[in-house]
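One chain comes next, on its own, written as C-alpha cells: the form predicted on its own.
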C-alpha cells in the first residue's frame, strides 16, 4: 500500500461498519459484571444463519468473534457438538429451555444476508438464558466485505462493554519495524492482523506512543540528524513537531487526559537525559510550555504517567544502576520502588493504576515483572532464556505486549497478565517497541 492510498483507507475504517435501522428491541434489562476468580461464563455461539450468498461472510465473522471471545478467558464457549441437541435454531423464536439444557449461561445469535449494493447486513441478539431477556438490545449492521473483521471485533467489544469491561478488540498496537529497509512506525490489530505502515520518512523512527483517544502518535524521529519528538495525526497524516531544539528526545508518554506529554531529553544541553513534560492542545495539535521535571546528575529516562495523572514512574541510574522511581507530576517526592536486581527499566503503568510492569535483568536474562502498588509485591511475568523488553498494557489491563528475541529475532509478543497465553504477533523483519492504544 502506498502513502497516498493509505490515509483515506485508514480514515474510512472507523466508519466502515454502519448501524442501520433494525428490529425493535427493548432496552438493556440484564446487568452483568465480571469478578476475578469467578468461573468462566458458559457462552453459546451457534453458527450464524445466512442466505446462500452470505454464507462465507457469516463464517468469517463467526470465526473472528469466536477467537475474540476465547482470547478473553472470561467466557467458556460451548463445544460445537452441543448445538445438535437444540431442537430448533430458528433465532426468531428462542426456546431458552433448550439452551439451558446444554448449560448455556448466555446466547449470541446472528443472521447475515446480502444487501442490494453488495454490502452485507448482520442482525445480532445477545441473551441471558436464565432470565430469558436480552443483555443488549438487538442491533443491525451494514458493512462492506472488506470490513467483516472490524465488524466482528466491534461486536466483541460491545459484549465486553456490557460486562463493564473496556473495549479491546478494535484497539491498535503501534510498533517499530525495519521490514521495508529502515525503522518506521507501523500499527496492527490486537491479534497481529492488518499490519500497516504509518510513517514514510526514509529515516529512523522510534518509540511510538498512542494518545488516549488513539487518534495521534507521539514518536521519535531522526529527520534533523538528531532525534526530535513529533506527533502524527494518524487519520489525517499531519505531523507536528513537539521539539527539535538540540539534544535527543526519547520515550514519549501521554497523560490520561491527553494534555501532557512526558519524554526524556538532553534539550537543555545537559550531558545526561532528564524528564520533561510538554503541554499539548488538540484539534489542531498545538504544543505549549515544556517543563523540566528532573534535575539529576545521572540519566532519567522512560517516563510513564499514572492513570490519574498525579505521578510519573521512570528509570534512573542515580543510585548507580538503572532502577524504577516514582515522582509527583511536577517532579517532586521522588521514591525508588525497584529492588533486588542491578538493572530495572521500561516501566509501564497499568490502566487501573494498581500495577507497574517493567524489565529486570537477573543472571543476564531480561524478563518482565509486575509490581503491585497496593502490596508492594513483585510477580515475574515472563520465564524464558531470552531478552524480553519494552512492555505495554492492553486497554483492559489483562494483557501485556512486549519485544522478545525468544525465537532468534526481535519480534512483538503478547502475554496475559498472569503469564498465560504467550503468543507472537509479528514475524516479518525486526520488530520492537510496541505501544497498545485504546
Partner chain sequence: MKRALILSLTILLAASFTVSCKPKVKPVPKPVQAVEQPKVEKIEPQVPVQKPRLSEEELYMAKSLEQLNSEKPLALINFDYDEYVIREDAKAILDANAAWLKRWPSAKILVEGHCDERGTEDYNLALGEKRAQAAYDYLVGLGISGSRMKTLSYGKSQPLDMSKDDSAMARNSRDQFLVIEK
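Positions refer to the first chain, counted from 1. Note that the structure is a prediction, hence the values are computed from the model and not measured.
Same protein, other form: the form predicted together with the partner chain, not shown, and the subject of what follows.
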Review point. Does the partner chain come within 4.5 Å of a heavy atom in each of 44, 140 and 163 in the predicted complex?
Key: no
Review point. With the partner removed from view, which of 69-77, 148-156, 301-309, 278-286 is the stretch that lies within 4.5 Å of the partner chain in the predicted complex, judged by heavy atom distances?
Key: 301-309
Check your understanding: Would residue 345 sit within 4.5 Å of the partner chain in the predicted complex, counting heavy atoms only?
Key -> yes
Point to revise | Touches the partner chain in the predicted complex: residue 361 (any heavy atom, 4.5 Å) | key: yes
Check your understanding: Could you tell me if residue 266 has a non-hydrogen atom within 4.5 Å of the partner chain in the predicted complex?
Key -> yes
Check your understanding: Is residue 235 a contact residue for the partner chain in the predicted complex, using a 4.5 Å heavy atom cut-off?
Key -> no
Practice item. Would you kindly say which of 317, 128, 119, 111 lies with a heavy atom within 4.5 Å of the partner chain in the predicted complex? Key: 317
Point to revise | in the predicted complex, the one of 82, 230, 206, 325 near the partner chain [non-hydrogen atom within 4.5 angstroms] | key: 206
Review point. Does anything in 244-274 come within 4.5 Å of the partner chain in the predicted complex by heavy atoms, and if so which residues, in order?
Key: 248, 250, 251, 266, 271, 272, 273
